Ligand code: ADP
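Quick heads-up: it's one chain on its own, the form predicted on its own, in structure tokens.
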Amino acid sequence: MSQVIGMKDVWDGAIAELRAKAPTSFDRWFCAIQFDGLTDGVLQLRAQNAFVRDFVTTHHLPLLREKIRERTGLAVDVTWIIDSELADPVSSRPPEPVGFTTPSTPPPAPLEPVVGEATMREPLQLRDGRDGLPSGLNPKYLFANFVVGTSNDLAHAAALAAAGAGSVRRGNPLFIFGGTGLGKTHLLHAVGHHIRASRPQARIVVVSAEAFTNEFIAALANKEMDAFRTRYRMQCDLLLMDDVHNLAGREQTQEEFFHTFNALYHADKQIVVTSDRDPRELERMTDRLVSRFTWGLVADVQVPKLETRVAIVKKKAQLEQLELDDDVAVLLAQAVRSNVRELEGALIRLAAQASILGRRIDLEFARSVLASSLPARQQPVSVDEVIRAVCHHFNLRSGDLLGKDRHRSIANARHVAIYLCRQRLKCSYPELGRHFGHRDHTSVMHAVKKVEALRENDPEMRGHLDAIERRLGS
């Protein structure tokens, strides 16, 4: 103990220098850090959550370790403990408001990671109302925090129906699909929160397909299949499975999930799953499992339009108590177009750098940060690349699209290729006519309008377009 006390002066001196260099950033982050000791070159720290730990490790520890080394001559190693309740945080002062609103209540918790970035936080340990088991529900993924737009209104309504928001639960199973980072997991957890609020005794199991597979393998190896099946079939009122496409090619796991699905369905237990693609496009998935995925509601989440992206930025800023001008919100929404998670991540990086540098988040600062932190936008693909992607998706040859064949399946694929070229490459109608077998511009215009209408009203067409656009790297 005396050695720890003897090193307290070393710690205090190093901390004083760190605070002097960036007081606003220091107070914002070190109000969630506690010093537990410095013994034999090992610095023992405690953080409120994993995100605080990771941020301080990246942005503050290198300088802090150097200051300690200057005072002791020791190369310092660091050990961490995650503890949501800190008895003696390093900084007890709330940071000065630099781009953030500071409430009169205790200082705000440091910024959390982007929705879905589970690698940056400790597993959540919310307790189930009946048996005390962790439910795994993310406390931030609520219907109230979900921004609804034309890109996700169907999925949002379906999730509400599955949660029984209309007094009668509808849509079992609910299958939500769409690209990465568009809010599928948010809706999945929101269903859990809604049912938890209305039925506190409900037994909710939240699991990814990968975790389900690992549990299944462990149960087989340890001869614990009875306990595994009891957990998923008998002690479950609501099953929330994320990324079900990861069951692809795993025949034994699919067989087990098939029987789990049947047991829950016939017991009238709600099932909600998410996937990166339409159930009919799942590869290496058994037909009978795919068939069950389509028994209830199937809803897609699309890439949000500009207005929705702006609303998402503003909602995230509000949740993080961040002052953000409208023009900065629009700039962010224009800079990140295809992924809500990346959009929220860009906002978090912007806020973190503003805090570190003591800057207000104005348009000039936002432009400078975004220019250095966002990857360069991919160059548009060529007409030939679009044709190859469409042919691969529909299992056709390029000659089929460019020829005169008017068979319905070929004509539909040709229309999709023309539409994607028009949308992505901004080709003129005459130019597209020359590329696709010297067709007149009215035929090309008809193809584009037809696919546009189908994209709005036909889930199957949306699924085809989303799959092809993912292949093209949108």
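Counting begins at 1, following the sequence as shown. As the structure is a prediction and not an experimental result, all values here were calculated from the model.
Keep in mind the form predicted in complex with the ligand is missing from the figure; the text below concerns it.
Taking the partner from the other structure, the ligand in the predicted bound form has a heavy atom within 4.5 Å of a heavy atom of Gly183.
Mapping the unseen interface onto this chain, Asn145 counts among the residues with a heavy atom inside 4.5 Å of the ligand in the predicted bound form. Under a 4.5 angstroms non-hydrogen atom cutoff, the ligand in the predicted bound form lacks His194 among its neighbouring residues.
Among residues of the shown chain, Phe394 is not one whose heavy atoms approach the ligand to within 4.5 Å in the predicted bound form. Relative to the ligand in the predicted bound form, residues Tyr141, Asn152 and Glu344 are all within 4.5 Å by at least one heavy atom. Of the stretches 385-393, 183-191, 351-359, 323-331, only 183-191 has residues with a heavy atom within 4.5 Å of the ligand in the predicted bound form. This chain is drawn without the ligand; in the predicted bound form, the residue among Ala299, Ala162, Ile312, Met241 with a heavy atom within 4.5 Å of it is Ile312. Comment: the ligand is not present in this chain, but in the predicted bound form one of Leu401, Leu174, Val340, Ala317 has a heavy atom within 4.5 Å of it, namely Val340.
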